[in-house]
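Just the one chain here, laid out as structure tokens, in the form predicted on its own.
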């Protein structure tokens, strides 16, 4: 019976992918664009050269961190929409730390380490605010998280155009770039830093172990499945919810920190790059299966980067990648509901 359920689930997911592609083809045909050429350009945009492939990895790292963190809160039954703000606060805290340390006598490696830890702490604190609103204030985490996202964005703009503005000007290009000694080292001629890639992979592996092979992970699942039943069985529910927020926020803050130290080397207005909302799509698509986070996040990162080719070659808007991602998640969730009804029937 279990083998039949696995087969049904796999078949419906393949059907969801097919339906998403068919829907995208219809959109392209209605806009007068050749579908096969559009898909070819996306593939070339992501994998047409070694440099483009490594650029996909640059986008994959923060998305992997965010998606892994979101699985922790998803497992606890929490929709951590505030992950965007947690990425942003991680970037702000990292920038603050680097500004303090750039004129110090600390070795650059130590300064980068302290700034990264500050970023994780910033993201964790912002997540705990959403958790406190949920746990002690009765505010739904979706609304609390969205509100904190707006506050984080406003704080970023205030810092860029206020206390941290470039000498004599306030610019949308962000704060003054940090000295190159405070950048994470990258591969020669590329934008990819192994000092970001390796921690990203390690964090994904740790989340996999945490949710699959620990007593804490089992308790988180109990809280997510039935909060009241978990409480009656002796699980400290609100503590586990707050810990889930904290761990997710720390990973979101780490993603924001890498955006500063490995990608932009300064604080910019859109420092989160939408990875929080994209991570929510990844987390929904993998359906609590941590092992699938890495390949699905990589697929989404490749779509995002590859779609940059569309306006250049075919005069199409690059938002087509968002259409593919959105309808894919929609069809997967829809057919998952169909599967549940079939199993109950």
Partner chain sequence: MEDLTLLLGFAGIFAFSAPLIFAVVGETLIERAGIVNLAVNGTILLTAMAGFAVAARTGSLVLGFLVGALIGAAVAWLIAFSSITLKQSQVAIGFVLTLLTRDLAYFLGNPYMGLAGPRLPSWHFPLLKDVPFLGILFFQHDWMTYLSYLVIFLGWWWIFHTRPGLILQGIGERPAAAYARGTDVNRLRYLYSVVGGALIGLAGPIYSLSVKAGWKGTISGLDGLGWIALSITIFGGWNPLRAAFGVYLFGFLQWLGLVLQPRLPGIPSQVLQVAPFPLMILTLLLVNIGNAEWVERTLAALPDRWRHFLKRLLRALRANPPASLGVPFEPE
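Owing to the predicted nature of the structure, the values given are computational and were not obtained by experimental measurement. Positions refer to the first chain, counted from 1.
Omitted here: the form predicted in complex with its partner chain. The next part is about that form.
With the partner omitted here, the residue from 303, 57, 294, 280 that has a non-hydrogen atom within 4.5 angstroms of its partner chain in the model of the complex is 280. 27 is the sole member of 43, 27, 308, 313 with a non-hydrogen atom within 4.5 Å of its partner chain in the model of the complex. Using a 4.5 angstroms limit between non-hydrogen atoms, residue 16 is distant from its partner chain in the model of the complex. Among residues of the shown chain, residue 148 is one whose heavy atoms approach its partner chain to within 4.5 Å in the model of the complex. Proximity of residue 20 to its partner chain in the model of the complex falls outside the 4.5 Å heavy atom cutoff. Although the partner is absent here, residue 337 sits close enough that one of its heavy atoms falls within 4.5 Å of its partner chain in the model of the complex.
Heavy atoms within 4.5 Å of its partner chain in the model of the complex are found in one stretch of 88-96, 139-147, 240-248, 196-204, which is 139-147. In the model of the complex, 319, 320, 322, 323, 326, 327, 329, 330, 333, 334, 336, 337, 338, 340, 341 are the residues of 318-342 with at least one heavy atom within 4.5 Å of its partner chain, listed from first to last.
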